[in-house]
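Okay, so here's just one chain, in structure tokens, the form predicted alone.
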């Protein structure tokens, strides 16, 4: 596909069958406090998994 064709692609258009994020999902993706809490939760899970392997 040429660069000219890529400019005409619209995200979340009718040509794509992917799910579109709703307002709550978009808020969670952009909220820094929520992302920090998820970062801590994922790191705790990772520590538990690594701890079990040693």
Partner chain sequence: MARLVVLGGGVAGHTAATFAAKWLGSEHEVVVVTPNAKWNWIPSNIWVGVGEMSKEDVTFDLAPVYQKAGINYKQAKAVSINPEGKEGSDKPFVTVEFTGQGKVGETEEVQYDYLINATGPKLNFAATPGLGDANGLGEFTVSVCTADHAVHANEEFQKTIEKMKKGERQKFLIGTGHGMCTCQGAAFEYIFNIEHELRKAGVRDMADLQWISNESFLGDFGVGGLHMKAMGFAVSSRIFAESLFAERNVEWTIGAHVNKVEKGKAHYELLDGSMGEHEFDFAMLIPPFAGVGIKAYDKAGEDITATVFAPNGFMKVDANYAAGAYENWKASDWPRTYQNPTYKNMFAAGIAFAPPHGISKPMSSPNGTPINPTPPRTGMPSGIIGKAVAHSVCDLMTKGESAHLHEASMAEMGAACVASAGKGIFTGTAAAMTIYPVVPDFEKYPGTGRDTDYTFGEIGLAGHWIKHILHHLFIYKAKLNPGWTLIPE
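In this text, rigid core is short for the largest set of C-alphas that superpose within 1.5 Å between two forms. Numbering follows the first chain given and starts at 1. Because the structure is a prediction, the values reported are computed rather than measured.
Form predicted together with its partner chain: not shown, discussed below.
Trainee: For residue 39, is any heavy atom within 4.5 Å of its partner chain in the predicted complex, or not?
Mentor: Taking the distances in the predicted complex, the answer for residue 39 is yes, it comes within 4.5 Å of its partner chain.
Trainee: Are any of the heavy atoms in residue 23 no more than 4.5 Å from a heavy atom of its partner chain in the predicted complex?
Mentor: Outside the cut-off, so no.
Trainee: Sequence order please: the residues of 25-48 with a heavy atom within 4.5 Å of its partner chain in the predicted complex.
Mentor: Heavy-atom contacts within 4.5 Å come from 26, 29, 30, 32, 35, 36, 38, 39, 42, 43, 45, 46, 48.
Trainee: For residue 32, state whether the C-alpha moves by 2 Å or more between this form and the one not shown after rigid core superposition.
Mentor: Stays below the 2 Å threshold, so no.
Trainee: Inspect the rigid-core superposition and answer whether the C-alpha of residue 46 shifts by 2 angstroms or more between this form and the one not shown.
Mentor: Result for residue 46: no, shift under 2 Å.
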